[in-house]
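In what follows, one protein chain appears twice in different forms, each by itself as structure tokens: structure 1 and structure 2.
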Structure 1
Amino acid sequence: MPLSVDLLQRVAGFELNALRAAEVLGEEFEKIGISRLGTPIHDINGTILYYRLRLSRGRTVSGYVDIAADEALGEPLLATSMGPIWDEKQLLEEGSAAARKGRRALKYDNVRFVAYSYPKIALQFLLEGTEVLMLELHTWAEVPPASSKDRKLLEPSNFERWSLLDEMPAQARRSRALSFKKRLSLWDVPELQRIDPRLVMKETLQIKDFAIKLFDRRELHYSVRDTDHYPCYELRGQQTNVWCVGASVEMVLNFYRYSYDQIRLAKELGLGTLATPNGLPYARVGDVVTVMENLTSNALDVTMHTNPGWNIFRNEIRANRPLISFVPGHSRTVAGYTSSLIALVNQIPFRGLLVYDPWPPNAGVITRWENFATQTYQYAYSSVLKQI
């Protein structure tokens, strides 16, 4: 059963304050307030998956935090990011204008935000509870109806609507629900009842019987000598709503100083053209390895990892190597990680990835941090520069 917005706001405050106390979150989060109003993001089946809460300092909106409302997501904190501005009112106005422009006779009495292909979002226009139109956020491209063709669960195409909750295996849902309840219990203790966590500050959780024991973090640099080089990984937005793989490959190759653009990469990967683009089918996920090795004349040794665990991401980042990460229906890159151990009642770790997501198209977003426990990681691609 989805949790109330008030409870989720309080939980969001505790989660962010804990990460701030551990310095997993930097100075940009100090004295950031969490909005009382959240935007509900629904699953395709109508269930509220999570709420997106704005983060602000005074009247200035600075970022957002996503907090799960459904326990099947595994943990309350999904992701947080500074920089991208979440303006629900403006998005509704832009989406409604795009809907009226495309269909002048369109009638609807309700609009809601839907994770049509989690974590990608769309606006769903409803009339008496029935959908009449769905438009992808930012691009305002019409999301096609649900596909009737047979496919494996959790293997949607790049621009296909699908239900995260309906396609999640029953065993995974049960396991995630237990983890969710365990995480919630962390904040339901007498020591924290009098604390208002809605303002993020480093000292908020510096109270008796609460301790931050450990955190480990690293982001990509030009070399492994972190002390004399700044982080040097760059975001690339996908040029069409189905070229997430092309944009992900572009980001990794750019890191190694190969300047291939998405049009060329689309040609090599068989993703069509700007005028008629298409995504990468699951049957051809191995093409990423072949293309990256061919375009670098085998200077890169690329490996595909199926169902990658935490250690794959952590070890590659420690070696100063970015990864491409496939989640159901989408591709992103990973350029950093953080891990903290929080001691209160029992020990529950937070593990997060620094995700450079090429969606939304022509913009992209950097997520610092994505909770590793709440996402489904199907494939990862690591690349090692061969030595002569």
Structure 2
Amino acid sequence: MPLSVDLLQRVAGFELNALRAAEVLGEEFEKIGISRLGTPIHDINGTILYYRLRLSRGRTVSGYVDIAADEALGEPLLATSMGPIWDEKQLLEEGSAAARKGRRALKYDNVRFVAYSYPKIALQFLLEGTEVLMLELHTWAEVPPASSKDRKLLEPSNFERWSLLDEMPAQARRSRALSFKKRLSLWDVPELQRIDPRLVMKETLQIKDFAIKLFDRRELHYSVRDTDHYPCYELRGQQTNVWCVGASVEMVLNFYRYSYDQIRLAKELGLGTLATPNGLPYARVGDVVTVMENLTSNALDVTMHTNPGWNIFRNEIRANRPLISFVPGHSRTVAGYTSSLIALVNQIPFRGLLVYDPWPPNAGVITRWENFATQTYQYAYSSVLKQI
């Protein structure tokens, strides 16, 4: 059964407020208002799939939120975006102009937004309920008529129109409907009845006897204070194909304001020179502790953890301390973690690390997030500042 407009706006508000409270949504969402009027987006089969509601700060439109109208989507909140402005009226004008271009004889009495290939949107022009033209939003390219379904369900080809609702297996649809209802029930509790969620604020859901948190997540800050700035950590690419340990040590020491370059660190760690570099032998993993303590005049108390578990990483990051992480044959550093506290439908709770990886040479990558379940963690090095 479709949701009423008032309920849609209320659900959108709770969902966005929860994400804001969990800091999944950043400051740009603070004090954003949710429009009451939304644009219905239809499935190809005519059912309203979801509504796109405008987000605004005062009179300035700032973005939009998509809220499901059909239970088959599984979750009320589909997407939200800050930046792109959703202007239904302007889009209809642009689309109508594009429709008339080269089609002077075109007649229609209704235009609606359709997810012709979810989540891609088009304008569908109708005459007495029958489609006469469909144009993809923004590109205004004509969407071709439905092709024969000589393919697997839910595997459409490029620029093919297809119905999400008609192609979704019945079992998945039932399961998603259950999830949808469960999620709605989260917001239908006495503690929230007097709350007006139409304005997104970090504090909105901080109510006595009501707690919701979607993620446990933290990245290195300037200090342990949550309000301090971040990121407060920099990536260093390894300068040779075997200096990952040197680059990792450099990153951690830089965090503590020690400036040693990789050439010097290689010398201390026995990694050779730029011209004839070598890796750190497995038998010498303890050298990392010795070298880091020596180079900081023992201001850092470094500990090596063998086969480190999740809690080692999480606890160190909570204490605002980066770690070096050894995986087979390679070394990187860890500067954050995320852990899902709510398992969404058909999903397993995710635990991930924010990894500053010095590979590839002279570049490196920031991995946000590395799936903790798919990696082998051999050693980790934590460091505690003892004295200054």
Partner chain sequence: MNGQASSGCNPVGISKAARQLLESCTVGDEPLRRSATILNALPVLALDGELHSWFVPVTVGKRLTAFFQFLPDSTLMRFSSFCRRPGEFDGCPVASDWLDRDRIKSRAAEQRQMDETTGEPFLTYDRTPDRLVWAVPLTHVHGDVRLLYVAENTVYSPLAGDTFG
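Sequence positions of structure 1, starting at 1, serve as the residue numbers. Just so we're clear, the structure is a prediction, and the values are computed from it rather than from any experiment. For the two forms, the rigid core is made up of the largest set of C-alpha atoms that agree within 1.5 Å on superposition.
Form assignment for the chain places structure 1 as the one matching the criterion, namely the form predicted on its own. Once both forms are fitted on their rigid core, the CA atom of V61 lies less than 2 Å apart between structure 1 and structure 2. After superposition on the rigid core, the Cα of A72 moves by less than 2 Å between structure 1 and structure 2. Superposed on the core, the two forms barely differ at V114: its CA moves less than 2 Å between structure 1 and structure 2. For I263, the displacement of the CA atom between structure 1 and structure 2, after superposition on the rigid core, amounts to 40.7 Å.
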